[in-house]
Every structure is written in C-alpha cells, then in structure tokens.
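One chain comes next, on its own, written as structure tokens: the form predicted on its own.
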C-alpha cells in the first residue's frame, strides 16, 4: 500500500529535519511504501536523512519545460538530483490557484517520466460536478487529457490519486463505497484507453481530508492501493497513527 504525505507549503529545512528524526526510527518495520512530498527547500535534507531507509522523498510540483527562461521553476533533473523519487502533478490547488490546464499537466508528466520520476496524478470533481452527477465524466476527461501520448509501459510509474475537490480540507469525505465507485471509473478509463491488464494494475490512491479519525472508515474501500494525506501528515504522530491503523 502507498502512503503519500503532502506537506504543501509547510516546514522549513530545520523543521523537516526534526520531523524526520522523530518519524523515521518509528517506521522501520512498516510494510507500506511511504512517500513524503516536501517543499523544494527541504528535498536535500530529506534525501540525506532517508538514505538507507524505506521512506521515499517526493516533490510537490515540476516545471513543464526542461530548461530555459522559466524563472522560479524547478525541472525534473533538479528534482531527481535533489533526491525526489515522486512528484505530485495536477493537484487541485495547482489547477485552480495557478491555472494549470490539461496541456500543461500532460507536459509535466512527460518531463517527470523523462527524468525517472514517479508521477502522482491528482484528479477529482468539485461540489457542483458531484451534485450534478458528473464525477465519472470529469474523471475520464482529466485522465485522458493528462495521459495523452503516454505509453502503457509508462503507467508503471504513474499513480492516480482520486482527490475530490469538495473533500480537500473540508473535513468531509465520500463513503468507502463512493470511493470504490470512483476508483472503478478510473480503472475503466485506463482499461479502455490502454488494456484491461493496465486497468487492473494501475495504482489508485484516495486523498481528501484523510486523518486518524476517519482512516478506519475510508480504508474499507477495496479498489484503492493507498492514501494521499495532506494536513494530517504535518504532525508525525498523526501519520504514525494512520500507519498503525492500516497494519
């Protein structure tokens, strides 16, 4: 099972060091794949402290260009060199606040794969789309636009995170049955566009207000391979509690 933490714009390098010093020694026997997606400034600290452990480091964004006049951006080669093994792409905050469109997300995935990074592609519907029963339509469009030009063998390095926008940071979350319905939609899209085997093998995780108090409920979903955890992961005790519940 994949457990991916998104620190968002939180924790300085010193705070990240303190977090890892307390966290790493307590997950030595953890059976799950743990990925901590840190701010850019903390990647080197993460790389140094996680060497020799089973914990992987991820980044939260990547530029859709490999080089050139992109002031303030970070490319795939830089992320890989800084220790990132994963990168989050298409998060709803990037789509809305930073106006990232499907074409840009598609380019980012290709740039990440080119440099050996695993992609965490975020997809999900907003509240209006949910209430008008357009979830399946939205997921299909987002996935197909993001994966244009991607080969089936590259799906091995892509995890799809079902992250309903209406559940992010709201304390609300779909039921385990609803999560499974959406996960099945995702797998069906992959099956139709690539192959049945690809649809079965693709890693799908759930994100959206995952925290210790609801992990028992959402973990009843059977069609997912793990979780993307946001705010709750900022306290390592919360993350440890979630991991303990999932054992």
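Note that the coordinates shown come from a computational prediction; the quantities given were computed from them, not determined experimentally. Residue numbers count along the first chain shown, from 1.
There is another form of the same protein, the form predicted together with a small molecule; it is not shown, and what comes next is about it.
Undergrad: Does any heavy atom of residue 117 come within 4.5 Å of a heavy atom of the small molecule in the predicted complex?
TA: No.
Undergrad: Even though the small molecule is not shown here, does residue 38 get within 4.5 Å of it in the predicted complex, heavy atoms only?
TA: Although the small molecule is absent here, residue 38 would stay clear of it in the predicted complex, with no heavy atoms inside 4.5 Å.
Undergrad: At 4.5 Å between heavy atoms, is residue 125 in contact with the small molecule in the predicted complex?
TA: Output for residue 125 is no: heavy atoms all beyond 4.5 Å of the small molecule.
Undergrad: Can you check whether residue 57 is within 4.5 Å of the small molecule in the predicted complex, heavy atom basis?
TA: Residue 57: no, not in contact with the small molecule in the predicted complex.
Undergrad: By the heavy atom within 4.5 Å rule, which residue out of 179, 190, 210, 204 makes contact with the small molecule in the predicted complex?
TA: Looking at the other structure, the residue within range turns out to be 210.
Undergrad: Among 97-105, 147-155, 75-83, 167-175, mark the stretch whose residues have heavy atoms within 4.5 Å of the small molecule in the predicted complex.
TA: That would be stretch 167-175.
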